[in-house]
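Starting off, we have a lone chain in the form predicted alone, written out as structure tokens.
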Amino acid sequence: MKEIALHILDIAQNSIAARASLIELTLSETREAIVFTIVDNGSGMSAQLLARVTDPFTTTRTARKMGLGIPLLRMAAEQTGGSLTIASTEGVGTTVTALFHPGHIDCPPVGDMAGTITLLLQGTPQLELHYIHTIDNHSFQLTTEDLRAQLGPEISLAEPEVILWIRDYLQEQETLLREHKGMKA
């Protein structure tokens, strides 16, 4: 995958497949590290599956016999001198943390986080999502609870106008974060 945002999308889709109703996503960028953490309240993994989850020949899917998302994420992080950690408890949920070193030539760009978040919400509008993005000491957050409080119960987060507004809002916030840092948007 060419962007960290695509790795985040893949892990979040795993959380949704594990019947998570809540996903907490934090993304932190500094000169020294890009770290994302995804915490879900899905079905979690057994100790046996957790021990094998970074093996590309381990998958819970029945349509194919390979699961490349987590192994590719691990490889991408480790190529930068970073790491991947996964903690999971069956029946409780899973936490995935990936660390990338942005100064390394192999570090992928963060990519389109606005697209990633809006795609998740459009595909699973009932999902409770908490998203916090921090660059150095500046951050913003988006929660589906806040969105629903503003919109009211009769309007779905999957409505095209709502999705477009959320995407535009996230793009604007990302641009402001990068301007604070003096980074390109």
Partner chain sequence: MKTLAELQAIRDRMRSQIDLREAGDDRIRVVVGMATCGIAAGARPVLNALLEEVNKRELKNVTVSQTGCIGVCRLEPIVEVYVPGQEKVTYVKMTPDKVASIVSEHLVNGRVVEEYTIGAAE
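Predicted model only: the values in this text are computed from it and were never measured. Residue numbers count along the first chain shown, from 1.
What follows is about the form predicted in complex with its partner chain, which we do not show.
- Heavy atoms within 4.5 Å of its partner chain in the model of the complex are found in one stretch of 37-45, 24-32, 130-138, 150-158, which is 150-158.
- If you check its partner chain in the model of the complex, you find no heavy atom from any of Glu78, Pro108 and Thr175 within 4.5 Å.
- Interface residue remark: Val92 is not counted as part of the site for its partner chain in the model of the complex, having no heavy atom within 4.5 Å.
- At the 4.5 Å threshold, heavy atoms of Leu119 reach its partner chain in the model of the complex.
- Although the partner is absent here, Ala17 sits far enough away that none of its heavy atoms falls within 4.5 Å of its partner chain in the model of the complex.
- In the model of the complex, at least one heavy atom of Asp146 sits within 4.5 Å of a heavy atom of its partner chain.
- Residues are counted as partner-facing when one of their heavy atoms sits within 4.5 Å of its partner chain in the model of the complex; in 1-20 these are Met1, Glu3, Ala5, Leu6, Leu9, Asp10, Gln13, in sequence order.
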